[in-house]
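As a starting point, one isolated chain is supplied in structure tokens, in the form predicted on its own.
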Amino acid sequence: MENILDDYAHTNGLRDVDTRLKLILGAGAILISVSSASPVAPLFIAASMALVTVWLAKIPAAFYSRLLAIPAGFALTSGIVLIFLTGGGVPLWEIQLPGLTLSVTTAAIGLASVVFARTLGGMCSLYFIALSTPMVEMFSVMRSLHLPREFVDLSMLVYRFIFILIGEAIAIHNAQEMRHGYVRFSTSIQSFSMLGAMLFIRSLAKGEDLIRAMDARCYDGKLELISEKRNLSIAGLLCVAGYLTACTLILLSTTDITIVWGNL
């Protein structure tokens, strides 16, 4: 299952759409989401990008929901913390604890809602890119933008090693599970520490194996990419430009909109 994101990227319904269009759309949506001063534009981007990912890219809705639940959980937790730790505005609720006063204000609720919406909009846009675009095509675009070759090659190696480490971690964890390494809390801590140590050792060994394999294939310090040249579609450019323009207009027209207690 460690390759499932890349599997969807190679088999999704938007696989044949130009990579540059998908990157422009995703990156533009991320920038608009994190720049919004109200939750309206990021929530619109989150809903629309999720719809595009599930409907047009044909990513299973159940899998996408589980994937989105991870950042949404972190954003929700951060929002709850901001509600209780951020002051300003009109106090709505207050409780006295020994040596501590917890209060909820209108400004805190507004800030928490904006942070949550920004996170959701940005992650939906990022998942759109990750689930619809293979990484090898992203590296080709990076090459076409004339980014430093060392940066692109290093990114390719790092991406490769991510899956190597995930595969090794799964193999070690499965072996520990077969030996009842996680039956109790104490044994779980010990097994987890051993997993981390062995993963470090295995990663060094895999790195040396990769170097020997590359040297055996006459590696000269340059990683070559086979890229397919495509012409940008005018219709695709107009669709992306229209969507980003609509998002920008929503951002500008909802700048002064905030969530207050009366609207909750």
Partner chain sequence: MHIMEGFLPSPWWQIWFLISAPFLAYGMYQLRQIYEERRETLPLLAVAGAFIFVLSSLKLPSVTGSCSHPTGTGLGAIVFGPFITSVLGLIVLIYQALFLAHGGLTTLGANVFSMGIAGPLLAYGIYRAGTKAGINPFVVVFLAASLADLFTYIITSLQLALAFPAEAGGIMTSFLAFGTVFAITQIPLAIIEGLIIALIFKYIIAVRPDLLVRLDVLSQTAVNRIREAIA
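For clarity, a rigid core is taken as the largest C-alpha set superposing within 1.5 Å between two forms. This is a predicted model, so every value here is computed, not measured. Numbering follows the first chain given and starts at 1.
What comes next is about the form predicted in complex with its partner chain, which does not appear here.
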Identify which of I172, I109, V115, V141 has a heavy atom within 4.5 Å of its partner chain in the model of the complex; exactly one of them does. V115
In the model of the complex, which of the listed residues (V40, A50, A57, L195) lies with a heavy atom within 4.5 Å of its partner chain? L195
Would G236 count as a contact of its partner chain in the model of the complex, using a 4.5 angstroms cut-off between non-hydrogen atoms? no
Does any part of L145 reach within 4.5 Å of its partner chain in the model of the complex? Heavy atoms only, please. no
Flag I162 as yes or no: does it have a non-hydrogen atom within 4.5 angstroms of any non-hydrogen atom of its partner chain in the model of the complex? yes
Can you tell me whether E208 touches its partner chain? I mean in the model of the complex, with a 4.5 angstroms heavy atom cut-off. yes
Looking in the model of the complex, the residues of 134-159 with a heavy atom no more than 4.5 Å from its partner chain, listed in order, are M135, M138, F139, P148, E150, F151, D153, L154, S155, M156, L157, V158, Y159
E168 C-alpha moves between the shown form and the other one by 2 Å or more, core aligned: yes
Does F200 move its CA by 2 angstroms or more between the shown form and the other one when the core is aligned? yes
Spell out whether the Cα of S191 moves at least 2 Å between the shown form and the other one when the two forms are superposed on their rigid core. yes
